[in-house]
Structure formats: C-alpha cells, structure tokens
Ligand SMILES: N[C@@H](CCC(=O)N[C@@H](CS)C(=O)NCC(=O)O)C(=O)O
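Encoded as structure tokens, the following chain is the form predicted on its own, with no partner shown.
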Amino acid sequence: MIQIYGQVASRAARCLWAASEIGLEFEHVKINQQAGESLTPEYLQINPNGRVPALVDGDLVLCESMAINLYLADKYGPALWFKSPEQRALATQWSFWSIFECELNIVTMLQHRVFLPQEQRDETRAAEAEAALPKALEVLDAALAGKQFLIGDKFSIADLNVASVLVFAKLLEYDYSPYSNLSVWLGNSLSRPALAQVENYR
C-alpha cells in the first residue's frame, strides 16, 4: 500500500489532500518534524533530507510535496490530470510557480510573525516578504480572470497545489479580498470535501 509520511500541520497536508481528492487508498504515517521525528535513522532511510512529506509506492520513494502530488495525479488521478502535454506542462509550471513566487514569502512571514520564538523574529524580513507577495498575487488574479479553474474546465492538481500554498497565509489572517478572481477561486478550492477529509489525519 502507498504510504504518505508527514503530519497535517506541514506540507504533507497537500499530499493528503491530493490522495483524498483522488480517492486513493493509502497509509498515513504520522511524522512530526518539529518534534525531531524526521531525523530518526529509520526515517532518514526514506528521506535523507530529514523533511516531510515523503511517499513510498512500491519501489518508488519520492520527496518534495509538489513532485508527490504531480506523480499521484499522473498515475492515479485522471480527474486531476490532463491528457495533453501542453496542459500537463502548465500544471507543472503553476506548481513550481507557487513555491518560488508565493510560498517562500508566506513562510518567511509565518516564521517571523508566528512560529519563531519572539527573540528570533525579524519584522523587517516579514515586512519585506509581505511587500513582495502582491506582485505574485496580481499575476495569479489576472490568470484567473473569466475562469473558474487555472487550466481548462475542471479542478486539477494545479488548482490544488497552488491553493495548498496560499492557504498557509490564512494563519496570518492574510486578506486576499483585493484580488477578486483569486479570492473566489481560492474560496471554492478550499471548500472541496476532500480537503475537509484531511482533518481526519490529525
């Protein structure tokens, strides 16, 4: 059986969401990275980077949440994936884009406003990340103009991956309302029943 390693309060949540969206049967192996569980000799055999998530599917061991989700959609989730190479390329593009253009800034904001001990926080870094984020959000908002989904006429792994990045800013009560297209799309994405199922894995 496929195994997904990680915890809901981590990037593993997006893999659990994808697997639930597909209706995939899998085993969830809870690994709490913050508690050091990702640094045990046993887990380092699976992911030598000492991070979550990781996926084991037979002889295949995969790390990196976006790679895992693209694989799951490609192999097991035709409803989330595409037949045309052009659309598959776009799904990959948006997945990578969300990491480099959005997640880096969102994580910086979270670290320096929520997660790090007070004495380690740097509000200057948080403010710089917050100031950089709107440029990316404007790009996404424009891409969603007149569209319900990022690619084609269906919810896909591209929507799931990008939404799974933007949802982290909800911990900061970040206001997406100035981006009307993005705001509607994100609300619809985050209201999907499969995402609600992820709470069962806490």
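Since the model is a prediction, treat every value here as computed from it, not as a measurement. The first residue of the sequence shown is number 1, and the count goes up from there.
The discussion below concerns the form predicted together with the ligand, not included here.
Of the heavy atoms in residue 64, some are within 4.5 Å of the ligand in the model of the complex. Proximity of residue 52 to the ligand in the model of the complex: non-hydrogen atoms within 4.5 Å are present. The ligand in the model of the complex comes within 4.5 Å of no heavy atom belonging to residue 189. Contact check for residue 20: every heavy atom lies farther than 4.5 Å from the ligand in the model of the complex. The stretch among 44-52, 143-151, 129-137, 22-30 whose residues place heavy atoms within 4.5 Å of the ligand in the model of the complex is 44-52. Although the ligand is not shown here, in the model of the complex the stretch 6-29 places heavy atoms of 10, 11, 14 within 4.5 Å of it, in sequence order.
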